[in-house]
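Quick heads-up: it's one chain on its own, the form predicted on its own, in structure tokens.
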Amino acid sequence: MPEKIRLGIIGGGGDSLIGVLHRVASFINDNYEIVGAVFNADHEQSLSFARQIDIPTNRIYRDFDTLIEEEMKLLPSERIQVCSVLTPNFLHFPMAKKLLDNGFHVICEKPMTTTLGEARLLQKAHEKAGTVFALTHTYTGYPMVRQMREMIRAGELGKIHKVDARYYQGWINSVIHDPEERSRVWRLNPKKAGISSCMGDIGVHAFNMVEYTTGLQVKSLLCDFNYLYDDNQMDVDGTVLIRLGQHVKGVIRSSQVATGEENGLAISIYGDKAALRWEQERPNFLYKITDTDPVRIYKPGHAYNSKLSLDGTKLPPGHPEGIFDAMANIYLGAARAIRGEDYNDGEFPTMTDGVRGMTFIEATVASHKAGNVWVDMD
């Protein structure tokens, strides 16, 4: 077994869902060891949390800048190799850029930045650094999503002509109707969340799934947002018509006020030979449908699946794999890249996906503000 990769964590302390997801994912394939962190803005809370999860406190730093400064004093064989950035959106860009500028590998939560301009600056910093940058569009790590990608690449659907992706949640419905409550939610604060809430947080996942699975790029789009209240500055619901080619059309539907919905990410891809359908809440089932044959169901771990799908499967058939495993597959791919090993380009989203995501978010906002018009994604 190769020596473990030295991992630093920025954010994700306390009861953070994203924090435990990343920590568990990094441990699953035995590739990483957390050696340093700034879990919280409050140093005492950061120290307390490190003790709680049994991580030595000698490299739990007071703040992010101190982490960079102190780690750079260490020998390359001792310092953090890769940092996971798990902070609110507005901190992704400055932190990721400073890490890249100092030669660190980066694993970053999405959206990668809060503006397309920042994304392009980060892309230049990444090109200069030559290090690994992985963006955690977690759902690309599911074995059946990877199977979907490989089947489409192999031409099993024929010529694609229709895509339908949706991501429905209902959690903001419980706070959006009370002015005081919604004022306390950082995702509804443009200074912290960026220019979009719903499309920037979850719609971009559906967009990424479309491009990841089909291998096609969205060329233009038309967006209609719903803010629910005149004094609410952030979208909480949106519908986006997309064009991926002259005769390849589709829709991306996203909502944080879909009452009763939990984490309803789903995607269907339709071709002239067949179609594929996958749902995040039932991640171990991939459905292939045609006009002439019975429905065919693919499940993880079977020999009929692609190499990429099987590489992301840890358990025998019949043992469900979930969100922790999906994130772990992204960490596994990043570990291979950090070590200079061969890896499939579908193993983890990259800087390119981050720039595409920000292009999508800004295009949706521009389309809506201009009166729901078609906007190019060049």
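The numbering used is simple: start at 1 and walk along the sequence shown. Model, not experiment: these values are computed from the prediction.
Beyond what is shown, the protein has a form predicted together with a further copy of the same chain; the following relates to that form.
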| property | result |
| --- | --- |
| H368: touches a further copy of the same chain in the model of the complex, heavy atom cutoff 4.5 angstroms | yes |
| Contact of D342 with a further copy of the same chain in the model of the complex (heavy atom, 4.5 Å) | no |
| In the model of the complex, V355 touching a further copy of the same chain (heavy atom, 4.5 Å) | no |
| is_contact(G155, a further copy of the same chain) in the model of the complex, heavy atom dist at most 4.5 Å | no |
| Contact assignment for a further copy of the same chain in the model of the complex, among N263, T131, T115, N232, heavy atom within 4.5 Å | N263 |
| Contacting member of L216, L241, L91, L74, with respect to a further copy of the same chain in the model of the complex [4.5 Å, heavy atom] | L241 |
| Among 273-281, 101-109, 117-125, 79-87, the region lying within 4.5 Å of a further copy of the same chain in the model of the complex by heavy atom distance | 273-281 |
| In the model of the complex: members of 38-72 within 4.5 Å of a further copy of the same chain, any heavy atom | R51, Q52, I53, D54 |
